[in-house]
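One chain is shown next in structure tokens, namely the form predicted on its own.
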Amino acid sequence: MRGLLVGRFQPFHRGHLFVVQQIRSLRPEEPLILGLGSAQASYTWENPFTAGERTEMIARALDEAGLRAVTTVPIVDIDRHALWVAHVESLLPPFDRVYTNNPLTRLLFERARYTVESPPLFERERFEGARIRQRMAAGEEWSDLVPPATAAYLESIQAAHRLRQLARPASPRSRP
């Protein structure tokens, strides 16, 4: 059938790409859905990129890597764990396998009787979204931590500038 990998992908980095490549190599015939968690959130430190921007950076990176049969679908948070799996099911085409290393995601999908697998992590201490965002905001080198197509896209949307702005303390006048 299909597999599901849920993540925020803020940004989509080489660790994410490694996981997708591993899943596709283990089950090349199985289409894969990337569920974009917290799709409603953007322009915050934790979630600086919109669902559309994340979809674009992922599509470019997967195309560059020659990965096919991967679909991205935004998943808006509902903040009700007991209903979350049903919410995800309502948004996605049918799937029967979930890939996650998140303990809560594992628990919720196992409780709903899905097969849940933990994909191997790739240099987790190096490829971590918060660390990449910090490097971008600090003006440090970050582009080697994401696929080249993702780096080019992030440059085109001035992502480092956005993160520098988001990292600054907000003044009372700058709050919406």
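Bear in mind the structure is a predicted one, so any value in this text is a computation, not a measurement. From 1 onward, residues are counted along the sequence shown.
Not pictured, yet referred to below: the form predicted together with nicotinamide-adenine-dinucleotide (NAD).
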Item checked: Partner-proximal stretch of 137-145, 116-124, 25-33, 60-68 relative to nicotinamide-adenine-dinucleotide (NAD) in the model of the complex, 4.5 angstroms, heavy atom -> 116-124
Notebook entry, point to check: Do all of 8, 84 and 100 end up near nicotinamide-adenine-dinucleotide (NAD) in the model of the complex, with near meaning a heavy atom within 4.5 Å?
Noted result: yes
Notebook entry, point to check: So in the model of the complex, does any heavy atom of residue 89 sit within 4.5 Å of nicotinamide-adenine-dinucleotide (NAD)?
Noted result: no
Check: Closest heavy atom of residue 72 to nicotinamide-adenine-dinucleotide (NAD) in the model of the complex, within 4.5 Å or not?
Finding: no
Notebook entry, point to check: With the partner left out of view, is residue 96 within 4.5 angstroms of nicotinamide-adenine-dinucleotide (NAD) in the model of the complex by any non-hydrogen atom?
Noted result: no
Check: Though only this chain appears here, would residue 50 touch nicotinamide-adenine-dinucleotide (NAD) in the model of the complex if you measure heavy atom gaps against 4.5 Å?
Finding: no
Item checked: Heavy atom contacts to nicotinamide-adenine-dinucleotide (NAD) in the model of the complex at 4.5 Å, residues of 24-52 in sequence order -> 37, 38
